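This document opens with one chain alone, in structure tokens, the form predicted on its own.
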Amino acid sequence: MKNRLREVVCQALRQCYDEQLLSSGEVPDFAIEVPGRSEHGDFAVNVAMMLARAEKQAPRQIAETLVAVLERQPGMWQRIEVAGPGFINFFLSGKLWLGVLEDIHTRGRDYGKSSVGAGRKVQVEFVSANPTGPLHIGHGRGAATGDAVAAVLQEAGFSVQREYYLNDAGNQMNTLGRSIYLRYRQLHGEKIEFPEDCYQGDYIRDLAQQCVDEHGDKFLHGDAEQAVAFFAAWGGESIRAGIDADLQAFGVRFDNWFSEQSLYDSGQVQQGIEALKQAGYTYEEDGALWFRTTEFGDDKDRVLVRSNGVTTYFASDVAYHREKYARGFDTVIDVWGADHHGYVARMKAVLAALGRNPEDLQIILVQLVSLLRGGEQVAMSTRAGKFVTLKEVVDEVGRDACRFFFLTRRGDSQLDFDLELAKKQSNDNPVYYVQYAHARVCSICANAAQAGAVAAAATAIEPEHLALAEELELIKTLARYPEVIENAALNYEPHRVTFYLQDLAARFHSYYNQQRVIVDDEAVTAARLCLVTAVRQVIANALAVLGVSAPEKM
């Protein structure tokens, strides 16, 4: 609706210039806002104040001139007012608002989609947990966030790839191999004091038992280092397969799994280091190779190669991000745990040093989830082995509730996950409240079919058939959905969609509790069915973006 209003105002401005009512010939990039108070109209435009200097006129005088032209548009307005220093307040006609229902029913699942992304290539990399243990509840929040960010970007017309970066190189894999190997030996009766720096979880023992079942005592008598290497590779792949299965059960699928080890095998880690050297941003000190990240706003320089000749994780991160842009992505979005906030400045520095706009890399930080059981917070530590897995929570509360709850707040805000609330079938449970609105419309439609009532085409509805204030507010809320999606995409904030859904559901439930949809007046019934089925469509569209189902019965 804002876009349509902008077109009409621009057309009126050009007409003013043609008729010499205005002289400058400029069409400024004016703002269209929804006033805080309904008595100030549906929309307010500041174009007159933006033209005042160029026209050398008072804003109110320009506004009155423009309003005189706008009022020639038949059927669009209830009225137009000039307010304050020169705002133009628009009160749209009921017929114009009914066009929103027509748009929804015509476009169906495509309502809310736009081309603002213009096909630009975006990669969203998320989860990327080390393959050293199963996903815990904190990983689940990152998974839901990354997947929803990718989804809103796709709705807004971007070309999106979802990627998982597999940290399958480095010391943690050796620790995994050693952990499984020692448990394997214990299962064969050896008395071994299990080291504290190994992974403690029961899953390590399960993996060791699986290897005993498959290979017997094969690894007891050979070279220990070779056995650890085998367990690291075999265990890592087993855990990775489990991670993939858990994510698919959570509704998350990746377009690409990228191996960190492949960066070493292909020589890209060294190539990345050489690129920084050639750019003049490295130096040697104390036998180590450093990158001058402080020249780009970091608090201290960072080591690329240690004095013992071993590259750092940062060096592989340099190579990985350099490789991403080589694939042609315009923007790369990384979804990280909040504990990685210190990495933001140094990764932005990498882009700047390599001659790329640092804004081509966007970092979304996701806070951990506080999970409560009986008022006690559950500790989560992969190494200590005391944590709640994503699979456990999904099995307990369901995928829909889990995803929706994760997305009810900004990723960088603390989130308390109330397991009992997530399972509750009441209005206090936000996902139940929204899904029930969809199911309730389905029930209304079933009752209407039994009564022989059908929804009217939006073009056949007269404004007086949807004249109630709450009906108009519902239509206005539906009209906001495309803008919600666009803003969620451009700001990488999918929680805006959950906020919107809760608002839409609240307005619908309130309307339903006050008004009957199927009434004696056939025309009113048909109009209301058109309205509520539009509500159902938008709820289904928005839930699909969040990866949440839209049930027909509850």
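Don't overthink the numbering: it's just position in the shown sequence, from 1. In this text the structure is predicted, and so the values were computed from the model without any measurement. We call the rigid core whatever largest set of C-alpha positions still superposes within 1.5 Å between the two forms.
In what follows, reference is made to the form predicted in complex with the RNA, a form of this protein that is not presented.
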At 4.5 Å by heavy atoms, is each residue in 288, 343 and 414 next to the RNA in the predicted complex? yes
Heavy atom contact within 4.5 Å of the RNA in the predicted complex, the stretch among 352-360, 431-439, 94-102, 112-120: 431-439
The unique member of 257, 194, 283, 313 whose heavy atoms fall within 4.5 Å of the RNA in the predicted complex: 313
None of 34, 27, 67, 526 but one has a heavy atom within 4.5 Å of the RNA in the predicted complex; the exception is 34
Would you classify residue 409 as touching the RNA in the predicted complex, given a 4.5 Å non-hydrogen atom cut-off? yes
Quick one: does residue 454 come within 4.5 Å of the RNA in the predicted complex, counting heavy atoms only? no
Can you tell me whether residue 422 touches the RNA? I mean in the predicted complex, with a 4.5 angstroms heavy atom cut-off. no
Please check if residue 447 has a heavy atom lying within 4.5 Å of any heavy atom of the RNA in the predicted complex. yes
Looking in the predicted complex, the residues of 83-100 with a heavy atom no more than 4.5 Å from the RNA, listed in order, are 83, 84, 85, 87, 89
CA of residue 53, rigid core aligned, shift of 2 Å or more between this form and the one not shown: yes
Core-aligned, is the CA shift for residue 87 between this form and the one not shown 2 angstroms or more? yes
